Every structure is written in C-alpha cells, then in structure tokens.
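One chain follows as structure tokens, the form predicted alone.
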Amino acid sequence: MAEPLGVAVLGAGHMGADHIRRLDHVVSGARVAAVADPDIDRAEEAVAGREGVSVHTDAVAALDAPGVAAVLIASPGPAHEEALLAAFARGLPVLCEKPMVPDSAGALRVAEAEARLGRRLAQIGFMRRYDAEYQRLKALLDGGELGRPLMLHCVHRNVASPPHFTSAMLINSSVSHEIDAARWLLGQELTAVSVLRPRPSAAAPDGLLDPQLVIFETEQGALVDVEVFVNCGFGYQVRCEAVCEAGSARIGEAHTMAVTAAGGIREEVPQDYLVRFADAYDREVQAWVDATRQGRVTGPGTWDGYAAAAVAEAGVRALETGVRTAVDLAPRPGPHRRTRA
C-alpha cells in the first residue's frame, strides 16, 4: 500500500482525540480520513487544522466516507457492537478500544459474526500487551526461567473516578485490563472470581465500593489478586508481580523522574493512563497500522474481548453477592481450535 492508511475514528472524546493526534503525528503509514461523534463540535475541534477529514455525527456514515480503509473505535462501550458489525459488513479492519462490547452476550455475537467471515478483521485494544515492561515479563514467564507461575499480585489505582462511575465499573472497566493481562501473561483462562470489599475510602463518592480486592482463579491452579482503588487521590499506578516456583518478577515501579533535593527524594506519579501507557498506545496503533497495510490482523482478538466481558460479568456477580462465582465461557466460535490467551 503506497498511500497512507485512511482511518475513520469513531469517538472524539478523551481517548478518541488522543488517537486522532497519534495517527496524524506519531504513527507512520496512516492518516485520519473521517471522524464521527454525536457531539459535532467536539469532533470538529479534534480535527481542527487537518485537511481532507470528513466529520460526522453518525458512525456508519463515517465508515462510508471517501478514503476510509480501516476503523478505530474509541466511542463509549455500548456503541461498539453496532460499529464492529458495520465494519465487518464492509470488510474493514478494526482496532476497537476495550471493552469490545460491555456485555458477554453482545461480545459473543461479535465473535460469532467475525467467525462467519472466515477471517480476522478486529484487533481489541488491550494495550498493556504492547507495554515494554509487560512484554519483558511475558517473555520471562514464557521462557520458564522462574518455573511455573503460581500467583500474580496486581495494583490498579486512579486519582479519582468519573462522576458516572459505579461499583461494578471498578471491575468491568478498570480491572478488565488486568483480566486480559492475566490471561495473556499466564496463557490460561480465568475460571472463577471472588471479590472482597473493605470499608470504602473516605474519598470515594457516596455508594461507591472503592477500593476492592478482586481474586481470580485460573484453569491451571494459579491465583491472581487485583487491588483496584479508583479514588486513591495521588496518582495513576499499575503494578504487577509474578510469583513463580523459582523466583518472582515485578513491573510498574519506574516510569517517572525522581528528583533528589532538599535532603529528600521526590518521585513523580503519573496522573493519567494516557501518560503511564503513552508508549504502549503508540506501539499498539503502529502495530495495527503496519499489519493492516500488509493485509494482516494481529494482537488480541474478538475471543479475548469476549473472554474479558465474560470474566468481568462473573466478577460483578461476585461483587454483588459476596460469593465466589464461576466464569461461564461459551465454546469458541468458528472452526478454530481452542488456543491459549
């Protein structure tokens, strides 16, 4: 492909606007050809100063805009299923931000629709797979130097939650990243979820169960625990420690500048996921563009999107009932043999 890949970006909010910037100023081999957002002013602001970009309030109209050869979905989760199916109907490759679809039934419909095509079109935006530290940890675990993984200890903290955030969203929005990362790092499906609820932080809005301790069991007997705390107040932190038979490995502790002065050391803490994972997003989108230009699809797929939704649903049930909840995965659609995460 000699010409840059023309991309329709669906959603011009915080994430979508960052991807528009990334496609035009960071990633090579691509350009923004169309943008869609129900808020036309926001869409126009996101592409201000760019020529040859059509702006739409309707996502499907953007898919049919001149020059569009691929789609990046960064709209709210409930809009993803319709957009993915529309892209599939047009044979357009897609990079879809997580959640692929918020509910497992819809996610399974998307996976089944892609399977009926007989080829992959969608990559799902679990960007931690493209983070350099996560990739090093994955390589270490796959190499077997530390023996069999026994546990993952994970931390996921945000400065503050958005006004609309619910207790369930701590799991199906925030911890969904740990769900995919655990499946990928361990190469195992998650089979059961338990959620422990300490006394809510004084900084949590009324009614929000924050923090939570989420515990996953895997099909090969490993355990994954996640401390999720979305109103910690001081910064955005993501950490992961793998404990194995012959050693452990920890990532997520050295991402910012440390200043030594006045008899002490001050270390900056990122305030936003777009800061902490900026490089991972760049790597992810560049990999998607490169593969798409070559007629390939790589990275996490629709089954990963479905599995994350199914595990998150089990986690929400465990949160609501206080009871350990089994994960119920449907058979993998299509002729593919079952593969590891």
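Remember, it's a predicted structure, so these values are computed and weren't measured experimentally. Note that residue numbering follows the sequence shown and begins at 1.
Although not depicted, the form predicted in complex with a small molecule is the subject of the following passage.
- At the 4.5 Å threshold, heavy atoms of residue 15 reach the small molecule in the predicted bound form.
- Using a 4.5 angstroms threshold between heavy atoms, residue 59 counts as touching the small molecule in the predicted bound form.
- Residue contact check for residue 74: one or more of its heavy atoms lie within 4.5 Å of the small molecule in the predicted bound form.
- Contact check for residue 127: a heavy atom falls within 4.5 Å of the small molecule in the predicted bound form.
- Contact with the small molecule in the predicted bound form, judged by any heavy atom within 4.5 Å, is made by just one of 103, 227, 97, 217: 97.
- Site annotation in the predicted bound form: the residue of 276, 283, 293, 42 reaching within 4.5 Å of the small molecule with a heavy atom is 42.
- Segments offered: 310-318, 293-301, 47-55, 34-42. Contacting the small molecule in the predicted bound form at heavy atom distances within 4.5 Å is 34-42.
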